[in-house]
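Let's start with one chain on its own, the form predicted on its own, as structure tokens.
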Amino acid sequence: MLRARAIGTWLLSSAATLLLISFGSFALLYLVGDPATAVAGSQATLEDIERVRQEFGFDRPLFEQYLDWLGSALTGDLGVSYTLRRPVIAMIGESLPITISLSLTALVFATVVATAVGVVAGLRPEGRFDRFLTTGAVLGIAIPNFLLGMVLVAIFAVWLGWLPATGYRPFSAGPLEWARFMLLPAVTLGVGLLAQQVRTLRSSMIKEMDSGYVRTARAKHLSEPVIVIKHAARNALLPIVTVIGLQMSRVITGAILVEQVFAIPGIGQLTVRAVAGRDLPVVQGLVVLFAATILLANLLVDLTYGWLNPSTRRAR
């Protein structure tokens, strides 16, 4: 009952947030310049611009235009691209699976490696491995995605020739072919996420191993693997869940850069083309998509946190 009430509260707050974000972005897109001029093109005459303004309804009040867009959006119609004359929902539908594939691969890579490495580092703080890991984590957070991507391409694609430098292959083309094209972009996007998760898990693991319940478990002569894996590591993972939720904005912005570096036809490339071409319906649809993704990620973090920590679930 409490969980259903929490989800209901999340739905209401998320709906209000999406309304505010969608209207704010809608208004902002009109404040940065005349959309009729952008649609008509740089060579258009005044008559052409006025014709476009009337054709697309840019001469109507802003709030009236927004309400029309909102009514259509609620039915799944995000409008038509001004530049390509294609439905926005179809364009997003083509690009979104590619970006989801890249983002999930990067997150899984980062979380799996961070869990193993962070736990080991937390068991022996201030050791050689821990100091090496701490230095590497700082570098991983500091290095920009696009720079890391170019370095990896230079080494593994140009110099060694092991992996393709650019492009994308869908999973339907074969798992190995998909992995060959996905490996470098996923590692590029995942390194920064990995570094932040490792630092968080290391600190959390050190704290858990020094807690009272661990000392009690040792006094009961439980084996060290049981203490580490069943008790300490599970509790140490709680902050990682929160970190992953906070990293969703970094995943989105990082995917935009990574897709540009590796010429991947995902949401990142679609966003760059839409912004450069002042394609307002596409930009508006993408803003709502990004906001909804972050809100959904926060809900999943909350549910996962409650699953890992039953006391938190009962409290709610």
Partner chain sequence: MSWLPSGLHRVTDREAGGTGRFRRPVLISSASLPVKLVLFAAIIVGAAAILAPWLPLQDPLEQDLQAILTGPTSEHLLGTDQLGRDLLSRTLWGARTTLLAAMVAAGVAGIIGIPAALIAGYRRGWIETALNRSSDVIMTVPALVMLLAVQAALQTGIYGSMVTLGIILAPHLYRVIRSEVLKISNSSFLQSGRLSGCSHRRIILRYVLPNVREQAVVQLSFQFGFGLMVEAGISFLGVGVQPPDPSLGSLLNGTMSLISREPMLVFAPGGVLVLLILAFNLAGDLLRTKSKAQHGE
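No experiment lies behind these values; they were computed from the predicted model shown. Numbering follows the first chain given and starts at 1.
One more form of this protein, predicted together with the partner chain, exists but is not displayed; see below.
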Gln65, heavy atom within 4.5 angstroms of the partner chain in the predicted bound form: no
4.5 Å heavy atom contact, Ala16 to the partner chain in the predicted bound form: yes
Exercise: Leu295 in contact with the partner chain in the predicted bound form, heavy atom 4.5 Å: yes
In the predicted bound form, Phe146 touching the partner chain (heavy atom, 4.5 Å): yes
All of Val119, Leu133 and Arg215 with a heavy atom within 4.5 Å of the partner chain in the predicted bound form: no
Options 83-91, 215-223, 172-180, 133-141; stretch whose heavy atom lies within 4.5 Å of the partner chain in the predicted bound form: 133-141
Proximity to the partner chain in the predicted bound form, single hit among Val151, Val112, Ile100, Leu160 (heavy atom within 4.5 Å): Val151
Heavy atom contacts to the partner chain in the predicted bound form at 4.5 Å, residues of 276-303 in sequence order: Arg278, Leu280, Val283, Val287, Phe290, Ala291, Ile294, Leu295
